[in-house]
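Take a look at this single chain, the form predicted alone, given in structure tokens.
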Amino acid sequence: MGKTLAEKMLATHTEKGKASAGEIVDASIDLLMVHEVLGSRIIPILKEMGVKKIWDPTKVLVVNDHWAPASDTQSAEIHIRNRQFVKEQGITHFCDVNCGICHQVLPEMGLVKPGDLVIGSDSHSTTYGAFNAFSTGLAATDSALILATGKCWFRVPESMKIRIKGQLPEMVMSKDLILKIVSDLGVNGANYRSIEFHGPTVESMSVASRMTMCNMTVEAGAKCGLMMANDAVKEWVTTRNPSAQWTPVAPDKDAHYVADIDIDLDAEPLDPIVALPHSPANGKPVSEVEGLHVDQAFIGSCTNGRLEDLEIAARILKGRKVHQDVRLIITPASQETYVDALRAGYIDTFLSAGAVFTNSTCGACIGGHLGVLGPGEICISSTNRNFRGRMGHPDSKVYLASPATVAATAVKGVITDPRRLI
């Protein structure tokens, strides 16, 4: 029987070169990404283990991004520990508070390529599946073991295939598509499975749109979200890391899938989707929630803070004003994105409209700083999670949507179909 993408990618990182769904394998890691959890939890585990030198300082990326710049003395101390660890270990790749969000800066640095096995100390490390790589998030103990040995054990996930064809309508984004998929699957619908995305719609997607899709597969419980490398990915990897050697990975034609799903966007056009509190799987067509007042609108995060997200928001906000009762906060996913948005004139558009444009950080998304919600407040957000208390007070509510829907809502003051502002 043939092999899926997950089976093939894990197999190439084992000594035997074999991996089948359900098996336990030991695999060698190509890259480990760690953020503030390094200074808060991983370093103490390494000390307890007696580890003095990590396995390979060239295969680790450390990022200070969740509370960046530091929002209090506790986060400041974590950042200090991270910086000291980087120097002591001679780690090659380090992004301090002036760099951006880990899931954006890692690909920008050319640190992921097709066929790689990349692990992150963050659940949304599934993002790198957009680059035809096996990537997933692991907790502090597993991350510490990888730092010590360069290896980790995996139960090879079963795989499900989702084929997508047809065109996304105007003002409907890949965020709407993945919100619909997560809602159809449910929060447990892909538990410890690999979701493979196929079809002409995926093949034609930009790198940014693909990253959004893979980023949110974990919201359905998936171990990873995988795509084959399209032309946009190949150009990205070649440009970002010209000297790297890599070969695109494709599944075998007779690979076994535990689920096979077809989506035809031409036969059933997709409307903008809004996920109601308190679950990313609670997606509804925007028409079902239009008119609901919001206090805050947020565009950013590792899900939707990329240039194409800022572009569509700027298109909607151009010549308009943010509603007087709404706070619009916009956070680019990286410093590179910030500069690109500045050169394109988007930041001027945002500021003229009355938005607040921040540095690159996870702050607002996680309720850390830069937009914490108070009791009873409602936020519409382009982030990936709307759990109770995610962005602040436990009595606040978060509605998830695309950057287009968030921008349209910021203008009108109530949840609004962005197609009404074309």
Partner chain sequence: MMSTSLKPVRGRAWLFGDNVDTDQIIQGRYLTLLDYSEMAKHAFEIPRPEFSRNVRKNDIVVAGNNFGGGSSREEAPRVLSQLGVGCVLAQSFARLFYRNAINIGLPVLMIPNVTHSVNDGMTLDVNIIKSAVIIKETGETLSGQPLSRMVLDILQAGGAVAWFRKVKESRK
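What you are looking at is a predicted structure, and each value in this text was computed from that prediction instead of being measured. Residue numbers count along the first chain shown, from 1.
The form predicted in complex with its partner chain exists for this protein as well; it is not shown, and the discussion that follows is about that form.
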Notebook entry, point to check: Out of 199-207, 141-149, 348-356, 259-267, where are the residues with a heavy atom within 4.5 Å of its partner chain in the predicted complex?
Noted result: 141-149
Check: Is there a non-hydrogen atom of G367 within 4.5 angstroms of a non-hydrogen atom of its partner chain in the predicted complex?
Finding: yes
Check: Does any heavy atom of G137 come within 4.5 Å of a heavy atom of its partner chain in the predicted complex?
Finding: yes
Item checked: G363: touches its partner chain in the predicted complex, heavy atom cutoff 4.5 angstroms -> no
Notebook entry, point to check: So in the predicted complex, does any heavy atom of K234 sit within 4.5 Å of its partner chain?
Noted result: no
Item checked: Within 4.5 Å of its partner chain in the predicted complex, all of Q167, R315 and T405 (non-hydrogen atom) -> no
Margin query: Please identify the residue among D325, D252, E288, E77 with any heavy atom within 4.5 Å of its partner chain in the predicted complex.
Written below: E77
Next item on the list: For the stretch 319-357, return the residues whose heavy atoms include at least one within 4.5 Å of its partner chain in the predicted complex, in the order they occur.
Entry: none
